[in-house]
Structure formats: C-alpha cells, structure tokens
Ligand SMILES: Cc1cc2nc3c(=O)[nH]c(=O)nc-3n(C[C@H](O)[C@H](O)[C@H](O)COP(=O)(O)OP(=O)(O)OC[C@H]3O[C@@H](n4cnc5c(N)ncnc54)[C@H](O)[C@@H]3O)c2cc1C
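Next up is one chain by itself, shown in structure tokens, the form predicted alone.
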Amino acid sequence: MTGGNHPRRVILAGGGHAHLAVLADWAAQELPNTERVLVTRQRHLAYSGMLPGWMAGRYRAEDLLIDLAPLAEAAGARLVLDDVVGLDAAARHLRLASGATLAFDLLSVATGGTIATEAFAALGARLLPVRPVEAFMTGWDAFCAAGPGRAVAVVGGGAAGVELALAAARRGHHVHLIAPATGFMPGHGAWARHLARTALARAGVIVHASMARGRPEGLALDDGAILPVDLAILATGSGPPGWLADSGLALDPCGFVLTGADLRSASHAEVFAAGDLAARTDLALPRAGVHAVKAGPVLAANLRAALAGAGLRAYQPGSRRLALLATGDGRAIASWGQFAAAGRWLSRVKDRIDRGFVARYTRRNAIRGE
C-alpha cells in the first residue's frame, strides 16, 4: 500500500481483549511512521470476566464497560465504528459493513468468534446468544424487566455456561443448564466440577446431560422431552466468522485462522490473529478469554517488531491456568489443574482482579501509559 517515507497503515480489526494491550503499548510508546486504525463494532468493550456478575445484579453496566474511544485517542489511532465483513489477505484489503474498504500494510484480527444459532432458530425471540455481548446485555435487561420467576435455559456446559446459569438463578428465575454428557466443564479437574455441581444444586439449577435443539414449543432434548422455556441463552462453543472462508488466509479444518506461536498468520506475514478466531499450528488452546488477555502484550510486541523487521516473540501459555468462577451468591470457585476451592474470600479476590483489569484501561494515567 505504501512505500518510501509514506506512513504504513496498521489496522486493529476488533475491539476485543487482545487489542487492549496493543492500544496501551501504542499509548506508552510512539509507533513512528505509521497510521493506526482501530475498527470495532461498538465503542465500548464489556469485560467478559464481569459479565456473569453483572447478569446476577452484582455490577452495574458501567463497572465492566471499557470505553475504547479514549484508548484509541491516546494510542494515536483513528477509531472506525463499523463491522468487518470481508478480508482479501492477498490484496491487503479489509471490507466493512458500511461498504468501505480499508487498505493495510499490517493487520491484526481479533474480532472474536460467533455462536451458531441455526439449530435454535425455531425459538424465535426466546433465543439469546451470549455473543455479541452488547446484544446479550440489551436482551437480558429487557427479559429481566418483566420480573422474576420465568423459565430460563442455558445451553452449554463450559465454565461460562455454569456461571451464566448461576447468575440467572440469582435473579430469581427457574433455571436449567443443558450440557452434553461428556461436556460439563471440560478442561477442569474433578473437584472443580464437583464444586460447580454443588453450587448449581444449591441454587436450584436443574442440570440436563443432553444436547438440545430449538422447537416452537421449547427445547428438544436427547430423550425426546420438550423443555418449555421463556428464554434460551446460548453459551456454546465459539465458531469462526463466516467472512474468513473467503479471506485467503490459511485456516484450520474448523475455519479458524492458523497462526504460529508468534500469532502471525501461517500464510500471510502481514496478518496477525488472536483470541477466539485464531488456532495455533503448534498446540491446541481452549477458546477462553484469558488467552486473549495474556496474548495481548505478545501481540503488541510482535506488531512493533514486524514493522521494524525484528524477531518475534512466542506466546507460550502455562500448562495450567487459574480460573475463578462466580457462583452468583457472593462466592467463587477457584480451579487450577486438579486443585479447586470455593468460598466467599475467593469472590473478593475475583472482584479485585476484575475491577483492577477494567481500571487499568479506564484510569486516565493508565490510558496514557503513565
């Protein structure tokens, strides 16, 4: 796109967790001879770690929302509020929902994954996917405005599904959690799963070991039973956005962007990817928000290094990661490998960590890298 002394255009596609660290890096240290652009659907990022707490009524919306506009300004980046709908990696063009096309010299893609809703379409307005988060928050607010005591089903047995089911129960609804028989909190130890089941039972959440499909009359389970629901929250696994299929990037069999340990595309050196839409060529990583957060500083360093023609760093996650799950009742579960514990003190630890993360990107001195 550019040559000579013209500035090189660096685009961050997506305002998710991984790009927060990149914006902070740019705010802290000038990126010479570049034009920086942040493209994101929404001006505010909802920090995922606090979403169940907000859903349970423990946080206000403003407690977990990070305003990307001052971050972009401090980073010297132009903020474009638009949705990515296409990419031509060979031509280095990014296509937006508004019809605009942005050329780039270097691109980082972290727009997040999607949730497949086709199997549940018969539920109509009773269907509420947890992504995109801004639409989920609007939908949950509207649902709760009608009062408690309604039937809610959460589809998805991962840690996120457990947290959302417990949060819904905290708001006074009759809650069902639907998880595959072998898919309850995968990646967590036996004791963490036991503590989660105990918390669900204490909250009155009914757990169904089943798959589910949407029907006009409710959710159809494997045994043929129909579960009538007023709301079905989809917290199933993340899928790739459809526009990646025609991007020209090397993709894995599921359609996610293949990258090396350095987060660089396996096929196009000008493209980096992180978060839920990326898949490593060297190891399998669960699609968890913690990896987007942890990969952020490595991504920031590698974008800077790529512009300078320097060597890149590898993002090497530890073999174990600490997970803190909110149980909606002022307690939390800590899960680390085969170790797990639960208690109110862990909820205070989680609250301090979560508020600290949001504050890191909202305090004026933090935004300016001071």
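Please read all numbers here as calculations on a predicted model, not as lab measurements. Residue positions are given as counts along the sequence shown, with the first one as 1.
A second form of this protein, the form predicted in complex with the named molecule, is not displayed here; the remarks below concern that form.
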Is Val207 one of the residues lying within 4.5 Å of the named molecule in the predicted bound form, judged by heavy atom distances? no
Partner proximity in the predicted bound form: Pro240 to the named molecule, non-hydrogen atom cutoff 4.5 Å: no
Taking the named molecule as it sits in the predicted bound form, is Thr40 in contact with it (heavy atom to heavy atom, 4.5 Å or less)? yes
Quick one: does Leu303 come within 4.5 Å of the named molecule in the predicted bound form, counting heavy atoms only? no
Location of the named molecule contact in the predicted bound form, chosen stretch of 183 to 191, 208 to 216, 146 to 154, 275 to 283 [non-hydrogen atom, 4.5 Å]: 275 to 283
Contact check in the predicted bound form: Ala21, Asp63 and Gly76 versus the named molecule, with a cutoff of 4.5 Å between any heavy atoms. Do all three pass? no
Which residue, Arg202, Arg171, Arg131, His174, is the contact with the named molecule in the predicted bound form, using a 4.5 Å heavy atom cutoff? Arg131
Could you check which residue among Asp252, Asp222, Asp82, Glu270 gets a heavy atom within 4.5 Å of the named molecule in the predicted bound form? Asp82
Does anything in 98 to 112 come within 4.5 Å of the named molecule in the predicted bound form by heavy atoms, and if so which residues, in order? Ala110, Thr111, Gly112
